[in-house]
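One chain comes next, on its own, written out as structure tokens in the form predicted alone.
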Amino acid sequence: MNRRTMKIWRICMLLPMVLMFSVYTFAQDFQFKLSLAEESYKDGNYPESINRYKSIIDSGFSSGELYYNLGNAYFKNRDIKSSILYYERAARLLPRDENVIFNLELARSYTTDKISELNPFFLKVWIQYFRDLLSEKAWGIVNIISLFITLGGMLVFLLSGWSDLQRWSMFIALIALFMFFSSLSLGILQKQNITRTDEAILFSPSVMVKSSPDEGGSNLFILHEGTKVKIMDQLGDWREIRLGDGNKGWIRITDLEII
């Protein structure tokens, strides 16, 4: 073995070790920062806890639990609009977490605007219900498992000479195939829901909603900080927003924080 080959071999041997060390260092650094943020929260130093949680997010790490903890810190610091923002972000990743749902509703109760939600179409409700049964990663796991079961059932059907076994294997394969496409679709919907940018929280203390995207538009109604809106359209730095009760209007993007 020549010198160059030896050098390449050593690099190949060292690369996994360097990668493992980097991952370990990152995990240790994250855990250290997280413990500092939690300690600040327990000590009642909520501004410091907020800064530490945000530094973790700014470093590229995010999770439903992290957003939830940051929402709690903001709520304790009496910044209701920011707590709602991070509870909403946590709810997308943890759609069935009772603590997230309860704290989000609690924070909303402190807002000025009480919006009555219109009843959504029942089919949309059902789709959202099944979508939120599992996380995006969990749907991915179900998708992979169902694919293997489908392939296994088809293989047994093709190789088996026993008619009863063939019938059962085909039956199982068809069910697994249905689960494959269902989990694939629900996983895609979950991914789209997590990454969507058409929902926002009003961050300005109060805003006059306009009938058109300009200051000369008619005044329609006033909204206050913490209110959740859906973005329907955009023109320059103006956004057409819709409330849960169906009311629409235009406000500036600078008044909003995208969920």
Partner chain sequence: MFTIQNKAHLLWIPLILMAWLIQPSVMAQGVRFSVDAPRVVSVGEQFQITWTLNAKPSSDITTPAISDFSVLFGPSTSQQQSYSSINGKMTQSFEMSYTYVLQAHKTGTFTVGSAKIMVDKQQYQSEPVSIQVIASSASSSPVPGAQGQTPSQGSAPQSYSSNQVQPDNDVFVRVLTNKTTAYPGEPITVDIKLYSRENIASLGNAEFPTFDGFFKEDVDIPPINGLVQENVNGVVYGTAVLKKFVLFPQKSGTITIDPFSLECIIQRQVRSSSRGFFDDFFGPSVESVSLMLTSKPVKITVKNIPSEAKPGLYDGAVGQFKMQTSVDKSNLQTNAAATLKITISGSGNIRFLNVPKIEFPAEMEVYDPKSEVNLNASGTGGTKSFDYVIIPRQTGSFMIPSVEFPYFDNITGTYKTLRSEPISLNVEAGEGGQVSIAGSAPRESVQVVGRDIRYLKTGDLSLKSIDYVFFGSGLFWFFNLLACAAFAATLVIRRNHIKKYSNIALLKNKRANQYASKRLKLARSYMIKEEKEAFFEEVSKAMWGYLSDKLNINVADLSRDSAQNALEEEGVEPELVQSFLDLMDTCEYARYAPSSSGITLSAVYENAISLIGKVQNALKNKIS
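Just so it is clear, the structure is predicted and the values come from calculations on it, not from any experiment. Numbering follows the first chain given and starts at 1.
What comes next is about the form predicted together with its partner chain, which does not appear here.
- At the 4.5 Å threshold, heavy atoms of Gln31 reach its partner chain in the predicted complex.
- In the predicted complex, Ser63 approaches its partner chain with a heavy atom inside 4.5 Å.
- Taking non-hydrogen atoms only, His224 never approaches its partner chain to within 4.5 angstroms in the predicted complex.
- Though the partner is left out of this view, Pro95 does not reach within 4.5 Å of its partner chain in the predicted complex, counting heavy atoms only.
- Proximity to its partner chain in the predicted complex, taken as heavy atoms within 4.5 Å, picks out 38-46 from the listed stretches 196-204, 224-232, 38-46, 209-217.
- For the marked spot (Tyr67, Arg78 and Trp139), a heavy atom within 4.5 Å of its partner chain in the predicted complex is present in each of the three residues.
- Residue Phe148 is the only one of Phe148, Phe121, Trp126, Trp162 with a heavy atom lying within 4.5 Å of its partner chain in the predicted complex.
- A single residue from the set Thr111, Asn143, Ser82, Ser169 has any heavy atom within 4.5 angstroms of its partner chain in the predicted complex; that residue is Asn143.
- For the partner-free chain shown, Tyr41, Lys42, Tyr53, Ile56, Ile57 of 41-58 come within 4.5 angstroms of its partner chain in the predicted complex, judged by any non-hydrogen atom.
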